[in-house]
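Next comes just one chain, in structure tokens: the form predicted alone.
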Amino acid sequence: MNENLFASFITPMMFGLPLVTLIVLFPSLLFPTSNRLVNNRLISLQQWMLQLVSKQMMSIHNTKGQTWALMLMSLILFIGSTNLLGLLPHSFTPTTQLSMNLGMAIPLWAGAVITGFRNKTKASLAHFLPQGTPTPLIPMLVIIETISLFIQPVALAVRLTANITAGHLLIHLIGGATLALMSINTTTTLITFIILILLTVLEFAVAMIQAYVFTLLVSLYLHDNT
């Protein structure tokens, strides 16, 4: 049972070679560049959504922070499209792998922190010791603030991994229960199937929300350091 339950989280292989690289690069094919004077509806919808999200995220940034706009928009498109593709049957979701999410979170967090130490050294160091702290509490607060700083990328990665994994497990369990109940009770099967549909719709929303939350937190880390 456990092997079947977690089989969808195993990295797919072909001829003994992992297919993760092809799966990660596949979402880029969903966002083509149009050379036409008048775009089609899909590209127009993509451009409208990008403008809306970029306007919300970049409004809090100064000139230096706005130079990260292209990277942040690419990040939210990649995570969102990867999460949505993972909801297709017999597909694989790379964002359920903690190693991949850490690979995205740590460099982005480190880049924001290093930028802060280069541009605002005094302000960045001041975060480790709040103003008006009693002298006996200074060593403890410095340690606590240091731990909270280094735990930020871990929290980013674990949040994305846990939310996507939990949704996939629920869909797998309820789908299996629906198949098992088909030969037992039609009414219960219908109710379970309706719950499965509602959960799938919810997972579509969660996939987009988690991409937005991940990118928004990276944007906030950048705002604190620019």
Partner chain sequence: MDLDHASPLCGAGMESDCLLVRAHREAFALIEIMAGPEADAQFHFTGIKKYFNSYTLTGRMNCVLATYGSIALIVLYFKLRSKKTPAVKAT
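Predicted model, so just to flag it, every value in this text is computed and none were measured. Residue numbers count along the first chain shown, from 1.
There is another form of the same protein, the form predicted together with its partner chain; it is not shown, and what comes next is about it.
Mapping the unseen interface onto this chain, residue 98 falls outside it, with no heavy atom inside 4.5 Å of its partner chain in the predicted bound form.
For the chain shown alone, residue 129 is a contact residue for its partner chain in the predicted bound form, at least one non-hydrogen atom being within 4.5 angstroms. At a distance threshold of 4.5 angstroms between non-hydrogen atoms, residue 114 is out of contact with its partner chain in the predicted bound form. Its partner chain is not shown here, and in the predicted bound form it never comes within 4.5 Å of any heavy atom of residue 103. Though its partner chain is absent from this view, in the predicted bound form it lies within 4.5 Å of a heavy atom of just one residue from 71, 110, 155, 138, which is 138. Counting a residue when any of its non-hydrogen atoms is within 4.5 Å of its partner chain in the predicted bound form, the hits in 139 to 168 run 139, 142, 143, 146.
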